[in-house]
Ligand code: S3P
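Here's a solo chain for you in structure tokens, the form predicted on its own.
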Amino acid sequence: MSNETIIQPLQGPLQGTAQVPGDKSISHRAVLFSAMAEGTSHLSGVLDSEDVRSSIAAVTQLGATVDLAPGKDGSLAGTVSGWGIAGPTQPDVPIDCGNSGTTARLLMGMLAPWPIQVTLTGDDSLRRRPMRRNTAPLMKMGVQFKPAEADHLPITEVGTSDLRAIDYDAPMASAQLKTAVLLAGVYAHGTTTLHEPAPSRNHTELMLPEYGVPTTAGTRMAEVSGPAVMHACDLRVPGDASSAAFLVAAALLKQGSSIRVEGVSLNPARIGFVRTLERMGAHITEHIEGHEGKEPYGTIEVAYTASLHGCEVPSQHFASILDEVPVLALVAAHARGVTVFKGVGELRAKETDRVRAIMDGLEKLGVDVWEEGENLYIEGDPSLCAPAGLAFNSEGDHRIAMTWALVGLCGTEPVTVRGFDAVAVSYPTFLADIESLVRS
């Protein structure tokens, strides 16, 4: 990762139509579920990013055959032939999940039904992220982990062909935790049910039926009955809503801008940022135009809004904006009044401590920002203007890197972002996509 990148102000408003790369969460699942399935799946629109490449490398190491190549639009397309009922092969060395928490946590559920021993590890950032939330329910199902009480990678998992179904109350709303338990439940004997304190992303519940696994899904529960056999399917990945949020924010903050983001996932569990921006008074709408499987997709239209105002984001809505809080915090800094994000504790367990990163960055901008318990408060200023000479540190977090880049892109002074190359984790073409919308 290069040390510093200077982000220059855009030379005009954003105008026209954009498309964002494939949804990262759906891309991970498409690759991982296809590796589990019997037969050959045909995939398109898969995000070509470092995180998804970690999932591709992991399933290849476990015996799946992956033939995905970049197409004209930059996304990956091709086939994945899964291990099916034969199960994954015993890898010779630990599986390196890179920076991808999704890869590591979903693999725990995928490996659970098979009597092999696999060590999972990752980069420095991933090795600091909590894993006990995943290992605890899987141990109840009969999986062994070494060390048994470990909360961080590296962890060695020993699966079992005699998995027990469980009825589990999750301590937090986490799609990664939920997915790991459901994937193990596909092979467990009986019905595995997971209850959440608040709704989380539901891509797994929508996608498993495409692979031949009936899934029951409610607002805060999901269940599968096993043992079942996953079958290959054909699937196209829609555009990433979290990536679209950064183009949307740029248009909101850059005077004179008006853009359309097309072909993006409009799953209600993923566009909480749209609902939040609506409450702030933003000129923003979305239009569903079709479905890929059960995943809705369509267009988001947004225009510069000079009169944004603060709002309250309740904790029960937090899971739907988990990855967008940094950029929403930047928008809130330009809104009149106070915005409060409730129940932000989970942000401390991401690629970096995002609560601290948001506060450090906004304080550099001269914004009043503070914590009270699990809540984050931001007092915005519509006349906010970044001073010259600002330097931000992404700390290797792709969402933080893009957020602070917007300060330079939408402002009047260049800014320096240390570790900007972290954007390759989820949105490698971020700068190029924004610059392509400039009409000077």
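Throughout, we count residues from 1 along the sequence that is shown. All figures in this text were calculated on a predicted structure; none of them were measured in a lab.
The form predicted together with this ligand is left out here; the points below concern that form.
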Checklist line | Residue contact check: Asp167 to this ligand in the predicted bound form, 4.5 Å heavy atom | finding: no
Note to self: With a cut-off of 4.5 Å between heavy atoms, is Lys254 one of the residues that contacts this ligand in the predicted bound form?
What the structure shows: no
Item checked: 4.5 Å heavy atom contact, Leu120 to this ligand in the predicted bound form -> no
Next item on the list: Indicate whether Glu295 is a 4.5 Å heavy atom neighbour of this ligand in the predicted bound form.
Entry: no
Next item on the list: Could you tell me which stretch in 257-265, 140-148, 89-97, 167-175 has residues with non-hydrogen atoms within 4.5 Å of this ligand in the predicted bound form?
Entry: 167-175
Next item on the list: Note which of Asp73, Asp360, Glu346, Asp353 lies within 4.5 Å of this ligand in the predicted bound form, where distance is taken over heavy atoms; exactly one does.
Entry: Glu346
Next item on the list: Answer with one of Glu157, Asp323, Glu210, Glu205: the residue that has a non-hydrogen atom within 4.5 Å of this ligand in the predicted bound form.
Entry: Asp323
Check: Using a 4.5 Å cut-off on heavy atoms, what residues in 248-268 are near this ligand in the predicted bound form?
Finding: none
